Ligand code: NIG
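One chain comes next, on its own, written as structure tokens: the form predicted alone.
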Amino acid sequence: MKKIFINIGAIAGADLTPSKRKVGAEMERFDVVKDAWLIVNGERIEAYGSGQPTIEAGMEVIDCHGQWLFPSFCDSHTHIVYAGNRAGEFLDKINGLSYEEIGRRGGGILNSADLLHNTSEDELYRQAMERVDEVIAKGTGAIEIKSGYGLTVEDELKMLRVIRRIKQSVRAEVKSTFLGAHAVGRAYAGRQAEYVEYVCREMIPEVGRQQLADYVDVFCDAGYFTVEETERICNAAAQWGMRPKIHANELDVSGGVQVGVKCGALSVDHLERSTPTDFEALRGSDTMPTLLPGASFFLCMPFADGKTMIQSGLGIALASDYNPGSSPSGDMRFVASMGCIRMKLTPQQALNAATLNGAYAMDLSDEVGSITPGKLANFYLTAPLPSLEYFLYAYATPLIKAVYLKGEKC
């Protein structure tokens, strides 16, 4: 049955000139159609417009009473499958320990790996689904989920199986990423080269044989994996059809941007410590710079210079980095608001970064990320708004009133 949404105060993110991503000055264009209507046919958007629509016999009519309609957020970087929490490390941070110091003391990623090892697959799925349901209710309709808290073949596969179950359980679009090179597993402490060999020779082939991951990721940064190790892991994964998405420049200028571009990465993520040389490496490439203001906020780190990236002609994506240690939130509206408040993005730039460009960073921009006929009907309705800017200005006000994924109300 077709649905027609009438009396929409405005459709925000209506893509009047469809594109896979927006770069440079294009990021300022986040089209708004006022006094609007929208038709959904099955799982997809059929048409939209302004003024009085023609209502066909048999259509289900949804009167929006002036509510605004936005494309669902596309969160292209999360670690949402994890066990328990790391609230104890929250206190360590308050007491002055850095992310690196907590890691050296055996906390951080290794702490999450220990918790995950001792958690059953069913319980891990239950905990993860609570978070997935939470972010869907906050407007996210596409999400990338990484492994990386396993660090053994068995536990990485357990995480990836949970992600597969999530894909099968929700109407949101879900992409999976193998991140065995998130840290060196405890069993290989002091033997990083051997651990890289283990990732390449044992983990990746098994993940590939079971077809559990769309992408591969490597934490290419100071104290983690080198440029050479990153390239080796990416090349090994390429043999199994996994395209890279690289953690880079969170802790230092690591060379992760350049190796990501060299290996054809779909995205390079974090970039808090990046330089104009990194921006130049990205220019003209197919790689999307993805910025994670939630981690900067929670860890009191510098915020990535998204404004300069856009001014230099690049596009950017914004993602939540939802994880237990450095960004325990998947609220993409808050992420977009931080893009405005701390990165000085305009609301239009921030919303493009959190929708269409986030979709591009998951290779999903043909399906989601804008209100475009033919795309999946993934959107949410807000209370009536005085302006587009108000939506990110009033970032804590509960404005989202209804969420639709593949045409169905969640």
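Treat the numbers as computed from the prediction; the structure is a model and nothing was measured. Numbers follow the displayed sequence, beginning with 1.
There is also a form predicted together with the ligand; it is not shown, and the following applies to it.
**Study point:** 86, 182 and 250 all contacting the ligand in the model of the complex, non-hydrogen atom within 4.5 Å
**Key:** All of them do, each having a heavy atom within 4.5 Å of the partner.
Check your understanding: Taking the ligand in the model of the complex as the reference, which of 219, 215, 125, 198 has a non-hydrogen atom within 4.5 Å?
Key -> Going through each option in turn, the one that passes is 219.
Exercise for review: Would you mind picking the one in 109, 282, 266, 310 that has a heavy atom within 4.5 Å of the ligand in the model of the complex?
Suggested key: Only one listed residue qualifies here, and that residue is 109.
Exercise for review: Pick the stretch from 117-125, 325-333, 130-138, 159-167 whose residues have a heavy atom within 4.5 Å of the ligand in the model of the complex.
Suggested key: In the other structure, the partner sits against 325-333.
Exercise for review: Determine whether any heavy atom of residue 225 comes within 4.5 Å of a heavy atom of the ligand in the model of the complex, and answer yes or no.
Suggested key: No, residue 225 is distant from the partner.
Review point. Do residue 321 and the ligand come within 4.5 Å of each other in the model of the complex, heavy atoms counted?
Key: Close contact exists here: in the model of the complex, residue 321 approaches the ligand to within 4.5 Å, heavy atoms only.
Exercise for review: Indicate whether residue 245 is a 4.5 Å heavy atom neighbour of the ligand in the model of the complex.
Suggested key: Looking in the model of the complex, residue contacts with the ligand do not include residue 245, since no heavy atom lies within 4.5 Å.
Check your understanding: Even though the chain is shown alone, can you say which residues of 264-293 have a heavy atom within 4.5 Å of the ligand in the model of the complex?
Key -> Only 270 sits within 4.5 Å of the partner.
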